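Only one chain is included here, represented as structure tokens and corresponding to the form predicted on its own.
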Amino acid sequence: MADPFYVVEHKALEAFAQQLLEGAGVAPHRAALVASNLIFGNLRGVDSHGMQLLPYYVEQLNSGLIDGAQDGAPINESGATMLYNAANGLGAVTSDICCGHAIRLAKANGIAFVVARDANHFGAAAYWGRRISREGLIGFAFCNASPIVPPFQAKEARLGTNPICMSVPGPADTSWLLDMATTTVAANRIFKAYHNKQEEIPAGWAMDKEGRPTTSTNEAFNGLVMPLGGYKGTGLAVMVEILCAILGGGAMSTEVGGLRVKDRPMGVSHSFLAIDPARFTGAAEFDTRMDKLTNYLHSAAPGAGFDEVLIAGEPESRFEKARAENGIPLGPGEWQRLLDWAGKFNIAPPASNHNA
């Protein structure tokens, strides 16, 4: 029997998310942006970066670990670069501002690199890569994260899941959009399984406290996230740490807090890179060549057990279409946590269909 879940229409769920954020004291325009960012994750099937994060955001807003009234401000701007002080504001709010600066600088210079420090969780990196690529630019987004990942051959955490995103301009449902953690899976997939009382997770996702591979959700929740491809994942995670924390002068490694850390702000750093393809072969030629590459990839014969070859972003685009039509499923644990906060703020939850 399938695990029970609750299905909520996505626009109603987004409005509910905004209400909960406003209940935590966030101004409507900021709350709307954060809600949009979270629903984007759920729509695209990346539930680890969707509504299951909202209770953590609200908890940190209520405790003062996130300053929901902050927009931050530039520290310096030089040529095509900017260093930005996020001032402990909501991650989606300061990331939106930084992407705006990256777009502006890239259109003026052909390329731009913006680094923000003293920031908070920014949801799915793909949201920000696509924010840039919708302006006709190649968009990159990076972020260092809470230290829950051991370096290769270690059993103590020193790195985050440190995601890498690249988004290419073009139609939203067919453009190449890579969003990947430098771990086998995003840590929030493990946390989601834990909160929904799922007893086991797939092999290769996590290790226990001693660095031994485990499929126990409880051991994984209290253990370590597995680096992607061993030393290769560690190398990529360190690369992101350099492009974010080292370059921006922010917290690094074990200095970083987290959504589940109660004694200090998160303090992560974000980086956004924008490249104007028109400055190279020209925008039209770039689009033509991207189509050609995509066709090459799609034309490869599927391997055993597969019906087709997909490019990065296509599975998520299919989820987005289906969930926009059929609603967003939420596990019982995450739905109850949202209902608990709704009760505290005296907010009526949206209608849901319960699939038992």
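Predicted model only: the values in this text are computed from it and were never measured. Start at 1 and count along the sequence shown; that's the residue number. Superpose the two forms; the largest set of C-alphas matching within 1.5 Å is the rigid core.
Keep in mind that the form predicted together with another copy of the chain is missing from the display, and what follows is about it.
- Among the residues Lys197, Arg134, Arg104, Arg158, the one placing a heavy atom within 4.5 Å of another copy of the chain in the predicted bound form is Arg158.
- Contact with another copy of the chain in the predicted bound form, judged by any heavy atom within 4.5 Å, is made by just one of Thr215, Thr81, Thr174, Asn222: Thr81.
- Stretch 108-116 is the answer when you ask which of 88-96, 257-265, 125-133, 108-116 has residues with heavy atoms within 4.5 Å of another copy of the chain in the predicted bound form.
- When contacts are judged by a 4.5 Å heavy atom cut-off, Pro28 does not count as touching another copy of the chain in the predicted bound form.
- For the chain shown alone, Asn188 is not a contact residue for another copy of the chain in the predicted bound form, no non-hydrogen atom being within 4.5 angstroms.
- Although the partner is absent from this view, Gly249 contacts another copy of the chain in the predicted bound form, with a non-hydrogen atom inside 4.5 angstroms.
- In the predicted bound form, Gly64 stays away from another copy of the chain, with no heavy atom inside 4.5 Å.
- No residue in the set Leu13, Ala24 and Gln60 has a non-hydrogen atom no more than 4.5 Å from another copy of the chain in the predicted bound form.
- Contact annotation for 289-315: residues with any non-hydrogen atom within 4.5 angstroms of another copy of the chain in the predicted bound form are Arg289, Met290, Lys292, Leu293, Tyr296, Leu297, Ser299, Ala300, Ala301, Pro302, Gly303, Ala304, Phe306, Glu308, Val309, Leu310, listed in sequence order.
- Annotation: Cα of Arg212 displaced by at least 2 Å between the shown form and the other one, core superposition.
- For Met226, a C-alpha deviation of 2 angstroms or more is recorded between the shown form and the other one after rigid-core alignment.
- The Cα shift for Gly282 between the shown form and the other one, taken after rigid core superposition, is smaller than 2 angstroms.
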